[in-house]
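The form predicted alone is given below as one chain in structure tokens.
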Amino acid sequence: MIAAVLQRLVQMAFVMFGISVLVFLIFFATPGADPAARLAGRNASPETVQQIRHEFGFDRPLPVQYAIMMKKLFITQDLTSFVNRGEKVVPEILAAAPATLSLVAGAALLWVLGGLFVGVISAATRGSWLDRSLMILALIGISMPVFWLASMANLVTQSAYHDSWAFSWVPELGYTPLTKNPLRWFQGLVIPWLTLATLYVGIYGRVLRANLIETLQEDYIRTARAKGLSETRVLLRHGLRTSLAAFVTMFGLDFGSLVGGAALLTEVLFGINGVGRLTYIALGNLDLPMILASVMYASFFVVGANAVVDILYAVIDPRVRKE
């Protein structure tokens, strides 16, 4: 078990190294483009471009350029944004990360609980009116785009009915840190949590239902029933645990990508200054250092989340521990 975990961590390190090399080559080794001019941004003076070329080693061999860039990103953390008047990129991303983590963690809790409820109840009542109703609701949730649902939520809670008793507690758009005001933090994130979780509840519920129905046809489930175990125990203890493998895989991929910046639309529409919104602004300004840092941050977080999922397999499925 320990050897498998160590092996997975080593593989993760190699994958992260490969990603960093690939991202660097895409951004700074594209033929026919001057990387110094890209970093300097629009309308930069020739003196600024020359200074950047010397500072980042763009007049030196490619491996040296890569080493300098990685040093600025991960060791000294002094990579600066020339578009935003020399602001340091890494501290900005680190400052925005708590907002993104708060948004995604709360939404993840809702969609995991909702997905488990929908999947288990639908599988337990397969073919009934309740099963069909839950699947229809799940399909509706999947079909609603996040940008549309967020816009409708803002229209209701921030404009049309903001002064009513139902939504008067909803604060204005933005993010309040948990350490500053816990109640305001919670109130400001409830609507974004529900908006972001709606899509995933439907997806996770339908996937879990399908896996549970398939698992309940296995021979060991028939054996458990033959031993006199209750249907509830068979479903929750034997069927659900085995069916969670695909559920956990999806969660690792979705959680990692959302924390890495895939919650961009939700952050932009609700005015949350997270990593996704930083990336959105950087794309609009062609702020290459910020885009580079956010891409590296997102890639590493996705790889790390998948490594954690692989390790959790051994906890969920005993068959993995025997391999």
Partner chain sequence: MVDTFSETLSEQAAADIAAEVISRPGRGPWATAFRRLRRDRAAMVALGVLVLILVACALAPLYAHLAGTDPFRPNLDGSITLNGQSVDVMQPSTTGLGLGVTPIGPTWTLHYLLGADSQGRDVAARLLYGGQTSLFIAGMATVICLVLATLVGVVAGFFGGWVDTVLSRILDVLWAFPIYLLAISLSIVLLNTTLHIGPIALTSDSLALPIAIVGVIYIPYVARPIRGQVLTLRHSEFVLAAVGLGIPAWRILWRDILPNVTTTLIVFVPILMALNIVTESALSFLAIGVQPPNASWGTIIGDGEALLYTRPMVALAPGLAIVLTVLALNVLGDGVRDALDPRTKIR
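Rigid core: the largest C-alpha set superposing within 1.5 Å between the two forms. Positions refer to the first chain, counted from 1. Predicted, not measured: the structure shown is a model, and the values here were computed from it.
Omitted from view is the form predicted together with the partner chain, to which the following refers.
Chemist: Looking at N181, T223, Q158, T125 here, can you tell me which has any non-hydrogen atom within 4.5 angstroms of the partner chain in the model of the complex?
Modeler: Filtering the options by heavy-atom distance leaves Q158.
Chemist: What stretch, of 91-99, 223-231, 163-171, 141-149, brings heavy atoms to within 4.5 Å of the partner chain in the model of the complex?
Modeler: Single hit among the candidates: 141-149.
Chemist: Flag I291 as yes or no: does it have a non-hydrogen atom within 4.5 angstroms of any non-hydrogen atom of the partner chain in the model of the complex?
Modeler: Close contact exists here: in the model of the complex, I291 approaches the partner chain to within 4.5 Å, heavy atoms only.
Chemist: Does V302 reach the partner chain in the model of the complex, with heavy atoms at most 4.5 Å apart?
Modeler: Yes, V302 sits close enough to the partner chain in the model of the complex that at least one of its heavy atoms falls within 4.5 Å.
Chemist: In the model of the complex, does T76 come within 4.5 Å of the partner chain, counting heavy atoms only?
Modeler: No - in the model of the complex, heavy atoms of T76 and the partner chain never come within 4.5 Å of each other.
Chemist: Do V295 and the partner chain come within 4.5 Å of each other in the model of the complex, heavy atoms counted?
Modeler: Contact check for V295: yes, within 4.5 Å of the partner chain in the model of the complex.
Chemist: Would you tell me if S159 moves between this form and the one not shown by 2 Å or more at its C-alpha, with the rigid core held superposed?
Modeler: After core superposition, the displacement of the S159 C-alpha between this form and the one not shown reaches the 2 Å mark, so yes.
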